[in-house]
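Take a look at this one chain, the form predicted on its own, written out in structure tokens.
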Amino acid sequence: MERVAAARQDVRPHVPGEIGIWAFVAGDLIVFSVFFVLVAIGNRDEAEVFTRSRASLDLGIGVANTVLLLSGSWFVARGVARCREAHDPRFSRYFSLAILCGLGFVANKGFEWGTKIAAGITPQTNDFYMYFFVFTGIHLVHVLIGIGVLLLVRHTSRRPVLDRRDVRTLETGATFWHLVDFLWIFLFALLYLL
């Protein structure tokens, strides 16, 4: 009962995570905003090349990756909420499922890149593919870091009792993972749909 009461005290409204993660999120959003502007300019200046190249991407893989990351974010949000409400180390399964979603994304991206490279399409093919490989590559690094962060979050969530610092760790990790998801949604729209 005491453990549940302590966890419920942490449910009050607050900015989740550490302040440093929010500074990182802001900086990353600024950098990715520049990426998005570059793609938009390229789309304007080389419309035919971008349209033809975009049409060669596998929309199914892009959709699958979007579903994987959105599902991963749902699992992370659910895991953090459950740990806040009435912690039980078994709630770490939510973070395990999010990690599997992230690994699925990595596998899909590797398959997608592999098929493009096997077909002779590389970053040197044209500006669209340069942006495609570079920006999805930078995003992939974020996913890999995010998987590492989720491993830490899962480890923390397995503790028998969570104190406020542990909850902050969960929230900080969740914030980073949601950033990864958010960035992908914009990359997906710019590279696969426009």
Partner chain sequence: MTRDLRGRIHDANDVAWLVLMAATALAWWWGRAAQGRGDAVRIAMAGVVLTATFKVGVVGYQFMELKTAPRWLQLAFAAWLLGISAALVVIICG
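Positions refer to the first chain, counted from 1. What you see is a predicted model, and the numbers here were worked out from it, not measured in a lab.
As for the form predicted in complex with its partner chain, it is not shown, yet the points below apply to it.
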Is Asn108 part of the interface with its partner chain in the predicted bound form - any heavy atom within 4.5 Å?
no
Using a 4.5 angstroms cut-off on non-hydrogen atoms, would Thr136 count as touching its partner chain in the predicted bound form?
no
Is Asn43 a contact residue for its partner chain in the predicted bound form, using a 4.5 Å heavy atom cut-off?
yes
For Ala77, is any heavy atom within 4.5 Å of its partner chain in the predicted bound form, or not?
yes
Even though the chain is shown alone, can you say which residues of 144-180 have a heavy atom within 4.5 Å of its partner chain in the predicted bound form?
Glu171, Thr175, His178, Leu179
